[in-house]
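Single chain ahead, by itself, as structure tokens, in the form predicted on its own.
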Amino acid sequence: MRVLHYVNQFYAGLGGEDSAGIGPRMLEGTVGPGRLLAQLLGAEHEIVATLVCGDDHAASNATAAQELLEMARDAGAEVLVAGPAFGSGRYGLACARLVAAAQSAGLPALASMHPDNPGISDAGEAPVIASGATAREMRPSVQRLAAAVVKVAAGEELTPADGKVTPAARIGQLVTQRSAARAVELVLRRLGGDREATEVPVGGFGVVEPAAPIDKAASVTVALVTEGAVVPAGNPDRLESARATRWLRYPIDGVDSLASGEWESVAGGFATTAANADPNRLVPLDAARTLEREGTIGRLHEEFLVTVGNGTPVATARRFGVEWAAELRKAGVQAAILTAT
């Protein structure tokens, strides 16, 4: 069966953010993860071409999905496969829109992305197969996708056992007032000074009372902590780029500055070019040493603590905070500077 595979500009080898604006195009054969997908599909299903579009262009142009679909039709596609997009929002959105358009046009299609990818809701009736959160889980993600492609090609229905992502159940509720009446009532309550009333309560975020200000900063020990994923070059301890499960510590005793090339940020939620050019932008060690020499602070703690905030669940981040506080108190630290991206 003739398969068309969609990837973004990065996985097609056409560039990173500098190429995110390129328009739809088709490449012969397989590229990037498509090579592994082709191996797993075997001779019975051939990836005849690869569809590519820049993430920015695909996400911001409503016609991009239709253009890509026309290319797939012209190439004689019998199945359209998109991804894996992992947790990438723009890439996931492009994959979802493309398979939704294909499915609506009668062309079997499926996408692969992490269940938390914000693009999933745009996939419509097209199936989405769960991938890992990041490209570190490329092989198992593509293996799961390949098995699903074989089932779709055979006309079989995909189920959660195949990795199919199913939407959360929505439970209807009867109310006594129509939406217009409720909206007017809420506006009147706002005008009357009520800032709490809402039909969409946001929960899960606790309120933390700030600590009392420090009276004599010149006599205290200050620690640097960050969720900016700053680690030694090469990330030897393999800190996650998203959805952290742990935190790390690195010694800085006797170090006056974090040198470019020796330290880097591996965070997956922002462009790290500027941070990697000067890692002190995320962990202000150089400025802290100046304060220490001037006597503005007593001394700097001999190590900094680090994790990644990108996509990390609130419950996990709360646990990290408790653990950091315990570690710093045990070390005699009286104050901390927390940097975030």
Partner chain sequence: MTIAEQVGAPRIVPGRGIPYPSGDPSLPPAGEQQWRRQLVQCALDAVTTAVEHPTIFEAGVVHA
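Bear in mind the structure is a predicted one, so any value in this text is a computation, not a measurement. What we label the rigid core is the largest C-alpha set whose atoms superpose within 1.5 Å from one form to the other. Numbering follows the first chain given and starts at 1.
What follows is about the form predicted together with its partner chain, which we do not show.
Think of it this way: in the predicted bound form, its partner chain has a heavy atom of just one of Ala65, Leu282, Val52, Val308 within 4.5 Å, and the residue is Leu282. This chain is displayed alone, yet in the predicted bound form one of Ala275, Val31, Ala59, Val48 has a heavy atom within 4.5 Å of its partner chain; that residue is Ala275.
In summary, the region of this chain contacting its partner chain in the predicted bound form, judged by heavy atoms within 4.5 Å and restricted to 289-297, 65-73, 22-30, 38-46, corresponds to 289-297.
Taking non-hydrogen atoms only, Ala212 approaches its partner chain to within 4.5 angstroms in the predicted bound form. Taking the partner from elsewhere, Ala335 is found to have a heavy atom lying within 4.5 Å of its partner chain in the predicted bound form.
Among residues of the shown chain, Val208 is one whose heavy atoms approach its partner chain to within 4.5 Å in the predicted bound form.
Mapping the unseen interface onto this chain, Ala148 falls outside it, with no heavy atom inside 4.5 Å of its partner chain in the predicted bound form. With the core held fixed between the shown form and the other one, Pro127 has its Cα displaced by under 2 Å.
Once both forms are fitted on their core, the CA shift for Asn117 between the shown form and the other one remains under 2 Å. If you fit the rigid core between the shown form and the other one, you'll see the Cα of Val222 move by 2 angstroms or more. The pair Arg90 and Ala317 is at least 3 angstroms closer at the CA level in the predicted bound form than in the present model.
Relative to this form, in the predicted bound form the C-alpha atoms of Tyr91 and Ala275 separate from one another by 3 angstroms or more.
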